[in-house]
Ligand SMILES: CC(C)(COP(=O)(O)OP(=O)(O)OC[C@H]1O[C@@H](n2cnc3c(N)ncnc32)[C@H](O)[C@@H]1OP(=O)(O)O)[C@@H](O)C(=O)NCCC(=O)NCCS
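The chain below stands alone and is given as structure tokens, in the form predicted alone.
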Amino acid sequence: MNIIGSKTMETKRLILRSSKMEEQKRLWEILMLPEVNKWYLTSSKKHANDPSHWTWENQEKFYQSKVLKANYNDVFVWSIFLKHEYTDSGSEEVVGQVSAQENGEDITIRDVGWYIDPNYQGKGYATEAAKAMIDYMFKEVEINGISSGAVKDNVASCRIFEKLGFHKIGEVEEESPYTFYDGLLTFSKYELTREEYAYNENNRI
């Protein structure tokens, strides 16, 4: 495995860059939307009912620390920018984030995740960004596999896994890890091995 960090990548419509402070407030605004954070935000549940904790004034220090680590070689997190020719404003716009985090003791097996501004959902941007990240992680970082998943009711994310050639290994009911969602959730679990990824690429999946 090559520990080479989050290099900048481009797709047809997107640019993926390592985190910088300029876009963090917008990413915070996206993450504070209930339709986003109910499937993504994992923070201490003791803060769930404390609105003051989630203000930008309190969150800014966390985002600053995130940016300080963004260029570490063992960090694989990208801000997703929509290219200017695809925006109404004519300027680049940050629309979400994608990441490939550690998933246990074996750092060659990763857990992937993403979130997209609801105003830009349904246009294939999450799939496009996830595909670019997964290509990079297998081809350049040379990971051995991805073991990840999504809440079963999060149909859009489950479809992305399936579009990208992951195989479903089962479902499990667990206590919600998400800050603003209590109770049991059913998670669909997915895997993609290095061999499966190579096969999918060779057969243009």
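Residue numbers here begin at 1 and follow the sequence given. Quick caveat: nothing in here was measured; it's all calculated off a predicted structure.
Not on display, but discussed next: the form predicted together with the named molecule.
Trainee: If you check in the predicted complex, do G104, G145 and H167 all have a non-hydrogen atom within 4.5 Å of the named molecule?
Mentor: Not one of the three qualifies.
Trainee: Can you work out which of I109, I116, A100, A132 has a heavy atom no more than 4.5 Å from the named molecule in the predicted complex?
Mentor: By the 4.5 Å heavy-atom cutoff, the listed residue in contact is I116.
Trainee: Looking at K45, K66, R26, K163, which is the one with a non-hydrogen atom within 4.5 Å of the named molecule in the predicted complex?
Mentor: None of the other options qualify; the answer is K163.
Trainee: Name the stretch: of 52-60, 136-144, 169-177, 30-38, exactly one has residues whose heavy atoms fall within 4.5 Å of the named molecule in the predicted complex.
Mentor: Within 4.5 Å of the partner lies stretch 30-38.
Trainee: Even though the named molecule is not shown here, does F81 get within 4.5 Å of it in the predicted complex, heavy atoms only?
Mentor: F81: no, not in contact with the named molecule in the predicted complex.
Trainee: Taking the shortest heavy atom distance, is T87 within 4.5 Å of the named molecule in the predicted complex?
Mentor: No, T87 sits far enough from the named molecule in the predicted complex that none of its heavy atoms falls within 4.5 Å.
Trainee: Is Q121 one of the residues lying within 4.5 Å of the named molecule in the predicted complex, judged by heavy atom distances?
Mentor: Judged by the heavy-atom cut-off of 4.5 Å, Q121 is in contact with the named molecule in the predicted complex.
Trainee: At 4.5 Å between heavy atoms, is K152 in contact with the named molecule in the predicted complex?
Mentor: K152: no, not in contact with the named molecule in the predicted complex.
Trainee: If you apply a 4.5 angstroms heavy atom cut-off, which residues in 125-149 are near the named molecule in the predicted complex?
Mentor: The stretch touches the partner through Y125, A126, T127, G149.
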